[in-house]
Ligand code: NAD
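One chain is shown next in structure tokens, namely the form predicted alone.
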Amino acid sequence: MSVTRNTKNVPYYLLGFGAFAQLGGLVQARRKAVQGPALFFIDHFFHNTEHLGTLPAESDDSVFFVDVSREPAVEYVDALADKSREALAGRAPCCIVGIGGGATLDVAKAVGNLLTNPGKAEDYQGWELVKNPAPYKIGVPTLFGTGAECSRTCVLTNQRRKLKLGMNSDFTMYDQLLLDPALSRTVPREQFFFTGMDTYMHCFESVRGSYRNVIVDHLSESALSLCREIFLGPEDMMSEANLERMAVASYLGGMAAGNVGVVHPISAGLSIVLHLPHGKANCYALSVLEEIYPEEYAAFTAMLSRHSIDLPKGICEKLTEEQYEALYAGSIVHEKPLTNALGPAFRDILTKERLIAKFKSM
């Protein structure tokens, strides 16, 4: 076995029903460590609702409700970073708190990077481009599956460059997680399914690829086993036991994420051109990849049927040739995952004609 790269994980986590009640204590500990306000980034779903309960925000803190109606874009992160700097008025925050699904958690991570690194969000889309540590960050997922809570990236769309790519850096990671399965009780069923599929897909892509190590393999296999229990087992996928399983699967899958395959590049193209949410875009991508992932495709179609999830056909049937070209370009640009799955000759396998035909069949 070859030596793995030096790998960082989230240092601390709390897990369990009711864990959200401990957020106040975590933030208070940071107030004692750093004399500065806290910045809260919260999914806009929770605006003027009582789903979260009491938020431990003080008068000097700033609360930003993050619009996740579309995948987070670099310009949106730049704007939030500017507002954060204005609110801080030259002070360092005691902590950044991200509360929401993967998009909100990624936005909080990205803003944290920009508070300590010059320039704009697009300057750091890539690998190891962030040079300075971000402020202390606390992540509170309210939807599980993306693994954003414990991954070393925050994925952003960039329409100018026609790509979807993360800030891949150890500095992007959260310092503390609060994993409360109860926060996902109010998630709509289809959204719960599509987001949970992200764990299933990035984990099977990992174990099917060539960029492997034994730790990532075992993390991925454990997460996949939990996904099969959740989505193919006898209980409803949103039973109390499965809410907890999904929280654990997302955490394990997030630690294993990074070496994806063909699903995620095609999904990225769909998000760039059609603005599909990440989890749903993944599902459309796998729906046309039976020849590459036959076993996983069969399990996925069984999961769709088991939970009566609809994936309507025809999402690409009225696109222009220019849009098909953009779908291809937004997918094929992801060389690392495509090489992981198909080898260095991946362009000979996924030719433009073949990949556009797959989009037309969705």
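Heads up: residue numbers just count along the shown sequence, starting at 1. Please read all numbers here as calculations on a predicted model, not as lab measurements.
Note that the form predicted together with the ligand isn't included here; everything after this is about it.
Taken together, the three residues His44, Val155 and Thr195 all lie with some non-hydrogen atom within 4.5 angstroms of the ligand in the model of the complex. Heavy atoms within 4.5 Å of the ligand in the model of the complex are found in one stretch of 122 to 130, 284 to 292, 176 to 184, 220 to 228, which is 176 to 184. Listed residues Ala81, Ala103, Leu252, Ile138 were compared with the ligand in the model of the complex; Ala103 is the one with a heavy atom within 4.5 Å.
Mapping the unseen interface onto this chain, Asn259 falls outside it, with no heavy atom inside 4.5 Å of the ligand in the model of the complex.
Within 4.5 Å of any heavy atom of the ligand in the model of the complex lies no heavy atom of Glu244.
Shown alone here, Thr146 lies within 4.5 Å of the ligand in the model of the complex, counting heavy atoms only. In the model of the complex, Pro188 approaches the ligand with a heavy atom inside 4.5 Å. Counting a residue when any of its non-hydrogen atoms is within 4.5 Å of the ligand in the model of the complex, the hits in 64 to 81 run Val68, Glu71, Pro72.
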